[in-house]
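Given as structure tokens, the chain that follows is alone and in the form predicted alone.
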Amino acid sequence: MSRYLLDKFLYTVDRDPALVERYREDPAGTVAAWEAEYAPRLLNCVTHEATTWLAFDDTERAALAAHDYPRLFELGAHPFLTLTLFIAMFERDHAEPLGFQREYAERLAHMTLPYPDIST
């Protein structure tokens, strides 16, 4: 398991409007393509610098493919990164202001202190 890679996925997808839409429409395909293309990249480095050891495990891949942000939180993904990405994808589906944020809070209401470790 790699909290770093989960956070890297959430961070990089959220900053690319085309990836946000792709992830909304085809989550499993986007996760697979991102893992192959983006996961090896070292952020803020020259393009030829890459790593070969990072990969999602099956649990992480399934949570990302299912848009299961409560499970991502349980796995240690940073809650700010999940919230901002999922707002970008799903706020438009709610008629009321802050509708998605309320749904997010309700779906995470079962979590109690201490929260999962989100350090990377």
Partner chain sequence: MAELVAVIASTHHPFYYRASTATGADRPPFADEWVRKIEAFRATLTRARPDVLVMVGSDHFHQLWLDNMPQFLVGKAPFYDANFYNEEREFGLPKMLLKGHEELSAHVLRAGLDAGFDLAFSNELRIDHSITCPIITLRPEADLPIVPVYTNIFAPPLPQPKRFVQLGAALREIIESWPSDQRVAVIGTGHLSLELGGPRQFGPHGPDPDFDRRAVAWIAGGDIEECLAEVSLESLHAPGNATHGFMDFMLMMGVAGEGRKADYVDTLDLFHTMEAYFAWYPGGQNGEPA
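Numbering follows the first chain given and starts at 1. Predicted model only: the values in this text are computed from it and were never measured.
From this point on, the text means the form predicted together with its partner chain, which you will not see here.
> Taking the shortest heavy atom distance, is Y38 within 4.5 Å of its partner chain in the predicted bound form?
Residue-level check for Y38: no, no contact with its partner chain.
> Heavy atom to heavy atom, is F90 within 4.5 Å of its partner chain in the predicted bound form?
No.
> Is there a non-hydrogen atom of F56 within 4.5 angstroms of a non-hydrogen atom of its partner chain in the predicted bound form?
No, F56 sits far enough from its partner chain in the predicted bound form that none of its heavy atoms falls within 4.5 Å.
> I'd like to know if L83 sits close to its partner chain in the predicted bound form, meaning any non-hydrogen atom pair within 4.5 angstroms.
Contact with its partner chain, yes.
> Sequence order please: the residues of 80 to 115 with a heavy atom within 4.5 Å of its partner chain in the predicted bound form.
The stretch 80 to 115, when checked against its partner chain in the predicted bound form, contributes F80, L81, L83, T84, I87, A88, L98, Q101, R102, Y104, A105, L108, A109, M111, L113, Y115 at the 4.5 Å heavy-atom cut-off.
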